[in-house]
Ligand SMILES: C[S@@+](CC[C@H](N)C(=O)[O-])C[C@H]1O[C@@H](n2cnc3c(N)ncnc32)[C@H](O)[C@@H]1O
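Only one chain is given next, in structure tokens, and it is the form predicted alone.
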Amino acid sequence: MSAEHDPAKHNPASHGPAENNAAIWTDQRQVADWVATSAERERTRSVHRQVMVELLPFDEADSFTFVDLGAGTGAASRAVLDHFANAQAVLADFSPQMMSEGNAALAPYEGRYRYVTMDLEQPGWPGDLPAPADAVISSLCVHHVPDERKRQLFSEICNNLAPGGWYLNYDPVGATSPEIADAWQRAGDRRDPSAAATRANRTPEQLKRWENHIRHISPLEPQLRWLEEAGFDAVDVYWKDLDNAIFGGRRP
């Protein structure tokens, strides 16, 4: 567990009003700071993303097109493209700054991906996204939107998946009690002895991202219910480690 993603047990209002998601991820200074520190985070997350890749119901030689929602710089897409040599990625994001960084990171995959502009906070499935898609993934982004939008988004995803298509979401989840949040943080601090000091010494940019990060994090149970209500079957928590989980389901 990184200091950037310690358990969501604090009220962001205690630090003043949080900037909105768009203000942070279209701020060149914020994006540059996030990219500069991404290598450390990805050392852990790459292992988690590999679990998501392994859950996808394709053979390594299969040709298919998947959508990566809130794709950012494309870390999740790169994991899928590395494993499935004939896969095509459509990455959806709203930040020109993040997409620019993503195009640089995705240069080795030229011809196998494209970006589409999509703001997850706004309803609707953009016309230039595949419909139906063979699979949809999201990674560390859905927690940025309010609960009502999560419910709406899950329905949009299900409606735009091919029958038998899977949606997998890798995201932080909220604790249902202070005791659970304390346990998550205690375990995280034992794994990373520098985490407490990092939390206490966030830069202004890191503090803004932290406040934005925690304000809409939801517990797992209601999100699983929303997936079922959206029409998914095989809904499950396929992997979990403290406050991070991979969960999702299949369109019947």
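Values in this document were obtained by computation on a predicted structure and should not be read as measured data. The first residue of the sequence shown is number 1, and the count goes up from there.
The same protein also exists as the form predicted together with the ligand; that form is not shown, yet it is the one meant from here on.
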Counting only heavy atoms and a 4.5 Å cutoff, which of 158-166, 120-128, 82-90, 102-110 contacts the ligand in the predicted bound form? 120-128
Can you tell me whether residue 140 touches the ligand? I mean in the predicted bound form, with a 4.5 angstroms heavy atom cut-off. yes
Consider residue 98 of the chain shown here, and say whether it contacts the ligand in the predicted bound form, taking contact as heavy atoms within 4.5 Å. yes
Determine whether any heavy atom of residue 244 comes within 4.5 Å of a heavy atom of the ligand in the predicted bound form, and answer yes or no. no
Could you tell me if residue 151 has a non-hydrogen atom within 4.5 Å of the ligand in the predicted bound form? no
Could you pull out the residues of 56-84 that have any heavy atom within 4.5 Å of the ligand in the predicted bound form? 70, 71, 72, 75
